[in-house]
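Below, in structure tokens: the form predicted alone, a single chain.
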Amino acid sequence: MSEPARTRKPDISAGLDQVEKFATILLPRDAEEPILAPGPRYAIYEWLTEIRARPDLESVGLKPRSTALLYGPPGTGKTTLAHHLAARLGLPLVTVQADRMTSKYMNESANNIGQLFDAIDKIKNGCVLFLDEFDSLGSKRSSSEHGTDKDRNLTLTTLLTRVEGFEGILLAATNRKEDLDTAMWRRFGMQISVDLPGSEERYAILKRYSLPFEFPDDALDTLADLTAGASPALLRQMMEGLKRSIVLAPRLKKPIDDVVEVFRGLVATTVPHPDVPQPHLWKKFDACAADLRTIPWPPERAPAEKKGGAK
């Protein structure tokens, strides 16, 4: 992707107190570039190009799309992607968790939504708004007259109105797209599937989070094959656990000579959620032992000058 667009320094002082009641603010400098499959990677590249081409689009009667719904399994990096997009625009990401918006009191959730958007309106040119766990707020309308259902419908109606009228850049994320109200689905200019990583993406994720330890390409290919179906979050957790085991082994007086036993401990303590497909390394660990023994062990540590990349 090209270098971030030049934007004025965001002024997020106005409305900041109200925003922090519901949200966490992530700064551009803390963003990490996600490792994406070709589909979502191109969608984000296209959207950034579109945002930067506003004058050209307006000359033919169009405006850049300003809203996107990110959907996919848990742990696929939707928040990382939203943060990266905001950073490419030189803007902070205002991350809102649904549980900080909802309330057991009648009308309070709708009031919270109103307060959030009123505060964001004051800084709309200085941030990107990200609504996480969006299905909790935007779920399908109920026909029941029960008080709880009526309150949920009011919350949905308020959210529909505020999303439609929002003039800044807004992203939302859900693991349960089928639960979203159809009218809410249509409020988004883009719907981007953030799926589980393919083989090439798993290889890149494993390589990133194995550093400063180095594995040969063949070893990373083997691990990528054994972890088919794993989310980026699970792959990161596994590789960070591996590094932790290597570093702490002397203190714990724990042998790490056997690569199979090291990975056996990792998969016992780093477990995918039972509702998602289990990668082969977790589903049939003993059948993977022969492949694991082909990995050079223990891994070599990169020289200090290579940790931060080329100078």
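These figures come from a predicted structure and were not determined experimentally. Don't overthink the numbering: it's just position in the shown sequence, from 1.
Although it is not shown, the form predicted in complex with a small molecule is what the next lines describe.
Look at 53-61, 270-278, 35-43, 245-253: in the predicted bound form, residues with non-hydrogen atoms within 4.5 angstroms of the small molecule sit in 35-43. Listed residues Thr95, Thr155, Thr76, Asn112 were compared with the small molecule in the predicted bound form; Thr76 is the one with a heavy atom within 4.5 Å.
Between the options Leu223, Ala230, Ala172, Ile205, the residue in contact with the small molecule in the predicted bound form by a heavy atom within 4.5 angstroms is Ile205. Contact between Ser136 and the small molecule in the predicted bound form is not found at the 4.5 Å heavy atom cutoff.
Under a 4.5 angstroms non-hydrogen atom cutoff, the small molecule in the predicted bound form lacks Lys150 among its neighbouring residues. Under a 4.5 angstroms non-hydrogen atom cutoff, the small molecule in the predicted bound form has Thr80 among its neighbouring residues. Of the heavy atoms in Arg162, none are within 4.5 Å of the small molecule in the predicted bound form.
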